[in-house]
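Taking the form predicted on its own, here's one chain by itself in structure tokens.
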Amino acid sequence: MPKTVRKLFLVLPMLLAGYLVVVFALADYMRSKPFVEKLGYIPSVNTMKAMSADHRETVGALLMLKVLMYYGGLVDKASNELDMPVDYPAMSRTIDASLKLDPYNMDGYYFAQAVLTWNVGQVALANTFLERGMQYRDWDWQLPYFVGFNNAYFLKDYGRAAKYYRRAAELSGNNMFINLAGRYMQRSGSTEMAIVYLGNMARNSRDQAVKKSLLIRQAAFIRVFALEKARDAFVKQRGKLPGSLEDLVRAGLLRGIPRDPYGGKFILQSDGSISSTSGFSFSGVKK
């Protein structure tokens, strides 16, 4: 037997024994602590990286399991109407450490999206985790989809929402994300950009139904863009926003209010933006 192999057989049992000592000591420590403090302390990420060596993925998974078990226990107690304080800062620190040890573990990203955003309002923190994950899971359309949703739904940052929905569309090939990207590009005020984007997508689409859907949305935005130009001309002439779209017709800036291809009615919002009762979708008209 070669000398290096004999050394390996001698070292491996020692490493395994040391690893088991750490794991069992941690498990015993966790059992002995009060329930609500069980996420109170973890070593620094650099310390854990040094201790775990080639087992970073395993340690990262254990940390995430620790968070899931902790939160699951809280949910069970809440179901039994027991009021238990939630240590969200410790949960965030543990998730952060877990994802730094293993940035490919999807459990951390799902948990951040499902709990930190809705339960804690830590949308920016969740986005930080997700955006970091995109550097590693660069094939995963779900991460940009989550960030796009967070920017649109929680932060009302429609320009950033459009950017991430475009990325999700590119990775997944899902036409829903293409439509969402166009919708949020329009809502950010970048209507002309949305028109160009949707036109390019329609030209490159091989599916006729998808092409038609994209062209309908583009037609709606072309009409919005015409309304926006008339609104801007009104402001330039009068020094104030019009009270309604009808004012643009009366001022001779429009021949008439264009029809929304989705069947809704265009509306001038109080901030001067143009929207539609359809929400730029056929489902919006049905509702």
Partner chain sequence: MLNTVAVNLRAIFRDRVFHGIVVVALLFLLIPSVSSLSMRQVTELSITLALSLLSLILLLLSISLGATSLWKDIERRYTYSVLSLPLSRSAYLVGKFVAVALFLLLATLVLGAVACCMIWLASGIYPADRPIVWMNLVLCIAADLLKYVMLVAYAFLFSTVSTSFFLPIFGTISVFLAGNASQQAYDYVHSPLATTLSPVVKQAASVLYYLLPNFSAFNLRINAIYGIPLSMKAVVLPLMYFCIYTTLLVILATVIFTRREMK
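Note that the structure is a prediction, hence the values are computed from the model and not measured. Basically, rigid core = biggest C-alpha set you can superpose within 1.5 Å across the two forms. Residue numbers count along the first chain shown, from 1.
Unshown form predicted in complex with its partner chain; subsequent notes refer to it.
Interface residue among R238, R259, H55, K229 relative to its partner chain in the predicted complex, by the heavy atom within 4.5 Å criterion: H55. Of the residues given (V210, M193, V120, L155), V210 alone sits with a heavy atom within 4.5 Å of its partner chain in the predicted complex. Residues with any non-hydrogen atom within 4.5 angstroms of its partner chain in the predicted complex fall in just one of 121-129, 162-170, 86-94, 99-107: 99-107. For the chain shown alone, A233 is not a contact residue for its partner chain in the predicted complex, no non-hydrogen atom being within 4.5 angstroms.
A residue is said to contact a partner when one of its heavy atoms sits within 4.5 Å of a partner heavy atom; I222 fails this definition for its partner chain in the predicted complex, lying far away.
Using a 4.5 angstroms limit between non-hydrogen atoms, N204 touches its partner chain in the predicted complex. Interface residue remark: L245 is not counted as part of the site for its partner chain in the predicted complex, having no heavy atom within 4.5 Å. Residues of 128-142 placing a heavy atom within 4.5 Å of its partner chain in the predicted complex, in sequence order: R137, W139, D140, Q142.
With the core held fixed, the Cα of K211 is displaced between this form and the one not shown by 2 Å or more. In the predicted complex, the Cα-Cα separation between K212 and Y164 grows by 3 Å or more relative to the displayed conformation. Between A169 and Q208, the Cα distance is greater in the predicted complex than in this structure, by no less than 3 angstroms.
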